[in-house]
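Okay, so we've got a single protein chain in two different forms coming up as structure tokens, structure 1 first and structure 2 after it.
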Structure 1
């Protein structure tokens, strides 16, 4: 074998090894992509389905009229024609809303002029069904339906009809302009200025929730309903906004209290020498092993009696159904103390010795030297605490009973069961669920570096 053959063989082996490395890398990326689709796919599908008028349609699909650019343009034009803006429409005095719709029939059948109505439709399900709102039908006048075009192709006759809806009132501005169009059963719907929200009665009726909605309420109709239809009968306040505010407030308070108490307790257990330290740490570990469902009755009684009667002695009362009771009972958990203890034990002792030589007190060493170094652990702990508080359901259900203004978002979503589920109205339920998951997703995406660093550092000792 010549030198040239040996070089060629070596070159071929290098190329083969490179191909194998690329093949392995591609296999890993495909595997990771598969896992990503497995975990992220359901969330993405839920977000797309929450935009649909019928999220439980069968067979399920990823597309919907709300994702069509042509419908966005049409919704913007109709919103402007109704006297509103392209993003948020309305039906104002003097507005003239043009509309067209196309049907087809088999050749030999004569299409009939559709019957156009502006119905007196209630805003939604549950409490929204009894909202005392004026109906656009009181001031809306539909013009004569006129035939605009007629074509015949391959034995099929297509006819386009046009009409206008005029606001004949003097001062009332309506947020919604619903529309129903009815034709005989043999007359098939083809297209319209804006895709209908529902086709009912075996195709005879095409129905729109709001033809002058504008782009935002049209695309995010279910989300718009969640905010608009849930209100307090006692105060008139928007409940969904209140639930989100309450969840953020309680989660923020718990994050702050957990970081303060857990970091101090973790530092004390990791660095300070005092009698009973090991026994105290064993109690912390024991608290992590006991499920909350085992102790919730005793915790409930403690809060009901005002922390063994102490709050009553100070002029207070029971802590049940108060945010104070919830914060006090969930101020810090054993797992948070454990994470911080493990992290502080992994830091070099020379840092404290240098501070002690310089005359720093224990509190100064903790606050000025050790705590700034605990950023990764504090970041991971903040993420885990916020996630746990935001998604917590059982304990808020026990503590916060009434009124609905005090509910967290998870408890508010539970009320959707009686508001929407009884009417098989799944769109707002799915929209509310997606919105409740978004803050957690955003937090993990933004702070994932701190989460990974904190978990890795807290698990390393020495």
Structure 2
């Protein structure tokens, strides 16, 4: 082999290595993108579909009228015409709402003037059906339907009709103005000022939930329904807001109790000598492995009987269905203590030793020296605890059973199954799931590092 050959060979090898690196990076990105689709796809699709009028349409598509700019503009205009703002519309006295709709028929048949109605529609299913609210139909008057334009192309006649809806009353302001437009079977719907929410009776009826909604209630119709339709029958309180508040409050309280109790116990287990330390630590490990289904009967009884009768002494009763009961029974978890213990064990001992030599007591060393150093661990623990409580399902299911305004958000969503899923009404279901996932997703995006750090300690959810 000559010197020249050898050099050419080395050159080739270098080229090959470069090509490999480049191709490998490309292959990695293709794989990464594919996996992203797998893991984020279902949730992103659920989010998009939560805007749809019918999330179980066939074939399922990515787009929906709620995502079209033209409809946003139309919704804003109609909202203003109804006397509200572009974002939040209404139907107020004196409002004149112009509307146009276009149909087509085959040449030879004569299009009929559509019948326009403002229906009296009861809102939604389930608990919402009992909400008494005034109907816009009481004050809305539909003008004569005029034929505005007519064109004929390729044997198809297109006709556009126009009409106004006027609020003839003097004082009632309505939240929504529903609309139904009916034509004979042979007359095909082409377009309207605002795309209809439903097409019913084999294409004969175009139906709108609320033509003067404004942009936000138009796009987020299902979200709007979630808030509007979930009322407590007993108190009239808005249930969905109550669930959100409950989840936030309980998660917040539990973060505080967990941080306090777990940092104290974790420090003691990591650094202090005392009788029964080993046994206690084994108990912690055991409690992390044994599922709640093994211990819940006794815990239920303990709460029912007021923690060995303690609450009776204080004049209380059963702690089932109370926040006190929930907080007392879940104020700290074995895994939280475990995380804090691991963290304190990883800190250098010199600081403590010098503090002890200076005569500081154990409690002072803990609170003045060690605790300030534990900032990052406490942060991670706070986030994990918040997430764990927000997502917790089993224990609230056992002890927060009634009335519905005691539920946490997870239990509330579960109750949607009987409110909506049985009727295949998946719009509000998906809207509810998106709203309940949102705080955690936002928190995750902001504090990603803590989640990833905490995971190796905290075990996993089922």
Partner chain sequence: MRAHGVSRAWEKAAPYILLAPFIFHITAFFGYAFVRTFYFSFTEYNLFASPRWVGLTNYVDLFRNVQFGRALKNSLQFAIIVTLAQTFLALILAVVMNSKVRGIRFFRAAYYMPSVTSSVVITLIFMWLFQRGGVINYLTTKFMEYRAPIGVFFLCLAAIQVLLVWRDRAGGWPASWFEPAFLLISSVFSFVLVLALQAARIIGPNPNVEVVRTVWLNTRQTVPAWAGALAVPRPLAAIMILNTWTTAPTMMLLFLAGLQDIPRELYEAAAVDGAAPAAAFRHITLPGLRNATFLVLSMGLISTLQMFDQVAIVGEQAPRESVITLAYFIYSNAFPGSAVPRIGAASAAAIVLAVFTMVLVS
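Here, rigid core means the biggest group of C-alpha atoms that superpose within 1.5 Å across both forms. This structure is a prediction, so every number in the text was calculated from the model and none was measured. Positions refer to the first chain, counted from 1.
Two forms of the same chain are shown on their own. Structure 1 is the form predicted on its own.
A movement of the C-alpha atom of residue 360 reaching 2 angstroms or beyond is seen between the two structures when the two forms are aligned on their rigid core. Put the two forms on the same core and the Cα of residue 421 is off by 2 Å or more between the two structures. With the core held fixed, the Cα of residue 86 is displaced between the two structures by less than 2 Å. The rigid core superposition between the two structures gives a CA shift for residue 369 of 2.7 Å.
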